[in-house]
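Okay, so here's just one chain, in structure tokens, the form predicted on its own.
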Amino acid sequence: MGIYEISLATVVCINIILALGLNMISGFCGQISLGHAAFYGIGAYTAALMVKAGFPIPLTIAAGMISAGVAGLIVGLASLRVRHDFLAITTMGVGFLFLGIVRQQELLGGELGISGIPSAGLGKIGYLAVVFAIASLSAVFSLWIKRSWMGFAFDAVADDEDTARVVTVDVGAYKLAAFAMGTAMAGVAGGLYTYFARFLMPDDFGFITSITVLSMVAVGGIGSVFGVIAATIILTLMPEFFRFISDYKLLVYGALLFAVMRFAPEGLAGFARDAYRRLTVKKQAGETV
């Protein structure tokens, strides 16, 4: 692989971690979040400050994860009081609040961002291997959560909070857990992005980024791990392979979201599942005849 292909693969892996984090919140637990990029940014800026201070990679990534997770836990407290559209507005406000703070703080570079971030020192291939390993662990972790008792509790909260309380599910605790884990994953993605980009700007973590990640989750199928991974790969590579649409990326994402919600409400995962069922039924019908 050339440098371009390696860089593109690294971005795909970072986006997978980021999208799986949002899927933990919105897909598994049903909590709408429009400010996921803020936690991505918290992890990135935390890692940037630590790496410039001379800390090694494991500590910087861990610090990004913890800082974003703690911030997510705090925001998760708001989910205990608001739901649905109001929660979406609250999380969107968190995103704008993050950008406002970053742009006003000289320590964080203000509008000019943070530059001169040292590399990971692993080489392009070595760093891709690290990012790929973390993305794989994130996928395994998401599958484990989905199929565990916690995943069943998340499903109950997402379906109907009041009914979940009736069957003794601690709704508040599971909401906080979803926010903490999902935002911590975003923090890991942010820390990895810091070493990759080596230059951070506030706009890298704006509302457009949150919508892009939400598109990946929605197109893949809310709650589906493999669907989200597939959609993330497609939506990350699509602007690269079709350069003529790169200036209209948001328009294309919007059109995709509309098409998915209209023709495949369960995303790529639901579409693939329905197609498989139809083929199975036709095959069984043919064998019967």
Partner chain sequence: MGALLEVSGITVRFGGVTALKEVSFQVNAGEFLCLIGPNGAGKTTLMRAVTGIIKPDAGRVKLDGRDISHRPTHERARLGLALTHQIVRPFRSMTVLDNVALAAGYQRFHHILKAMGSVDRSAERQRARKYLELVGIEDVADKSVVGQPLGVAKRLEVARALALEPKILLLDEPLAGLNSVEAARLADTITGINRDGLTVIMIEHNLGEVLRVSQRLVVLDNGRKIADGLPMEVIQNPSVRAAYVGKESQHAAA
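Positions refer to the first chain, counted from 1. Keep in mind the model is a prediction, meaning the values are calculated, not measured.
The following text describes the form predicted together with the partner chain, which does not appear among the structures shown.
Exercise for review: Tell me, please, which stretch of 187-195, 208-216, 156-164, 69-77 lies within 4.5 angstroms of the partner chain in the predicted bound form when heavy atoms are compared?
Suggested key: Selected stretch: 156-164.
Point to revise | the partner chain contact at M150 in the predicted bound form, heavy atom, 4.5 Å | key: Yes, M150 sits close enough to the partner chain in the predicted bound form that at least one of its heavy atoms falls within 4.5 Å.
Review point. Would D170 count as a contact of the partner chain in the predicted bound form, using a 4.5 angstroms cut-off between non-hydrogen atoms?
Key: D170: yes, in contact with the partner chain in the predicted bound form.
**Study point:** the partner chain contact in the predicted bound form: M181, any heavy atom under 4.5 Å
**Key:** Contact check for M181: yes, within 4.5 Å of the partner chain in the predicted bound form.
Point to revise | Contact of F98 with the partner chain in the predicted bound form (heavy atom, 4.5 Å) | key: No, F98 stays farther than 4.5 Å from the partner chain in the predicted bound form.
**Study point:** I117, A139, A177, L108 - the one with a heavy atom within 4.5 Å of the partner chain in the predicted bound form
**Key:** Contact with the partner chain in the predicted bound form is made by A177 alone.
Practice item. Taking 4.5 Å between heavy atoms as the contact cutoff, choose which of V130, L87, M201, I145 touches the partner chain in the predicted bound form. Key: When the partner chain is considered in the predicted bound form, the option within 4.5 Å is I145.
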